[in-house]
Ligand code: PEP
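Just one chain is shown here, as structure tokens, and it is the form predicted on its own.
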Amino acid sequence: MIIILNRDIKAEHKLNITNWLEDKGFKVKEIVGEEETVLGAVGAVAVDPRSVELLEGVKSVIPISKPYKLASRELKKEDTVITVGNVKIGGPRVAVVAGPCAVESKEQIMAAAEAVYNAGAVILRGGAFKPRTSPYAFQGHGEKGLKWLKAAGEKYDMPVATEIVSPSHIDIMREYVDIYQIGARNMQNFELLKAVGELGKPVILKRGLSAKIEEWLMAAEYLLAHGTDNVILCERGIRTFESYTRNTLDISAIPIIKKLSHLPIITDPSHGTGLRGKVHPMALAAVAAGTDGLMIEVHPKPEEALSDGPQSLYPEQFDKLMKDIEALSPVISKEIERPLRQGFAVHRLSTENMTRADKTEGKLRVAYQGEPGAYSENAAGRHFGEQPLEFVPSKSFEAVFDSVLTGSSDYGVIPVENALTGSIHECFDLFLRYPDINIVGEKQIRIRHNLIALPGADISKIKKVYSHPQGLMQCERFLDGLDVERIPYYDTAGSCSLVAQKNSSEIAAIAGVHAASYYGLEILKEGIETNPSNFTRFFIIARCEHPEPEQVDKATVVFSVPDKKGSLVSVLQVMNENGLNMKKLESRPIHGKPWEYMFYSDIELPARDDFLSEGINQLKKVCEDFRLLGIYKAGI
């Protein structure tokens, strides 16, 4: 049964409820959701739900109708996201597990690890104990193979996953394994499921060769009931009458599991087809169907593989597949998982919220789009004040997000809106592709454009002016008074760099004073922007959790509403009832869904502690999709 607790329940009352249930013979799991906290009570025990509802702190009791209780979506409405090291599986991401079927040698697994790491895989797989149909086939190197696998994972900063075939192997494997895999042949080996579940570690549970979906979920229930909360289901094909492929990959199982269970599901098209040429299209089909990840067999030399060579990809094939997955994922509002790599820490917010240790470790790395001297660099310097900084110039806005996501930079600074030309849509859209990136700060700066050229240049002899397209547009009136060719360039500061490189007194750039100083150029004319009320708003982005409500006064959200009359009015009504002042509302097309739209909104937050638990949850109920991009202190 599901016991929904009162929001303001006292700790002692929660403990009393738990003890009461356990005394009756139930196993109890607490689940803290975005909207409510519940206790899941499972066991072969008959008890009148009304007796539970009488306990102090209980809001209501709901029976679970499914035979699988802990795995059921009835118990937990939100998707479970499993964290293994720096990797997250589940939610709005596609995590890729890759490596050879079997660990054959130290050299082989190192070569495979390097290949899949460079292509973008986040978890390394490889079998040390191999259950094979033939007793004469290669059975794996056992503990020696585990050592090689672990060494390869540590070298390339990837958690490792490997199959366990017997409870007797637990003590051997404990030291080396991050994720245990239960193979298809052992899906209903209940003693193995119990023993692995008691370890409390993440488990990949493959679907049995002829298992129904309910039987698969019941096997997951064994793992959950015996101690682990981190079960990853893996669709790997089922045995049918078809003989053109090794198995029949059941893509339909993905949306079915999504409806029935909160557990993440990944897909193994390598075993699902058994043919190298079919892995690529079926992997993309699984992504399109909503899979949370893929398990792909990759071998440096598949023709020499000791097991499953015909279904293993060559490294170059895997690299191509990863690029296609990255291109497809945004269409279904997902992003390929790219975790922080070893040696980088996730920082929080701004300098005032950092620990003393953070401040003394060294400079913060801050990424921005453009060349040194860019307005974004200026905004970063103003936001972080006296904090020692190392700036990371980046070629594109996407590169800024990548730098922050992978940990190469602690923060990023991106322009999102100009007072004259409006929103920079590319930057807003990138938040949908990077679900682990949050807005943690805001800075507004005055944009004062200048005509910049080589020292000693004569303004009357300038023939070409380079700048970002918005810079050219914002100085249109001034440029109309000159007989010059206007040439768009990717960045204002970059245009100064170009002027310095070309070393010609007949060309000039439009940029800020910092860029002129950095490249040793001269300002021919200050303040040439058409409208002096020219401000740009920048977001400070980081890979971190949202701050506590009392530290913030503004939020940015993105949402979509059902295509029916009054949907947007319902959202506005919720905001009004919760005292939320909308500062901005703008519609944007949803990529991959023609004529469907999402809305970006900036919200001024009330001075209330319950905003996140009440206002946001109410908005989610009236929206089709809702995402909080960040809560932060409004910048000036």
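This one's a predicted model, so the numbers in the text were calculated from it and none came from an experiment. We number the residues from 1 along the sequence you see.
Omitted here: the form predicted in complex with ligand PEP. The next part is about that form.
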With ligand PEP left out of view, choose which of 185, 194, 382, 525 has a non-hydrogen atom within 4.5 angstroms of it in the predicted complex.
185
Assert contact residue (ligand PEP, in the predicted complex, non-hydrogen atom within 4.5 Å, options 181, 230, 72, 438) equals 181
For this chain shown on its own, do 130, 271 and 297 all sit within 4.5 Å of ligand PEP in the predicted complex, going by heavy atoms?
yes
Could you tell me if residue 449 has a non-hydrogen atom within 4.5 Å of ligand PEP in the predicted complex?
no
Can residue 101 be called a contact residue for ligand PEP in the predicted complex at 4.5 Å between heavy atoms?
yes
Spell out, yes or no, whether the shortest heavy atom distance between residue 443 and ligand PEP in the predicted complex is within 4.5 Å.
no
Can you tell me if residue 163 lies within 4.5 angstroms of ligand PEP in the predicted complex, counting non-hydrogen atoms only?
yes
In the predicted complex, which of the stretches 419 to 427, 509 to 517, 400 to 408, 122 to 130 has residues with heavy atoms within 4.5 Å of ligand PEP?
122 to 130
What are the residues of 223 to 241, in order along the chain, with a heavy atom within 4.5 Å of ligand PEP in the predicted complex?
236
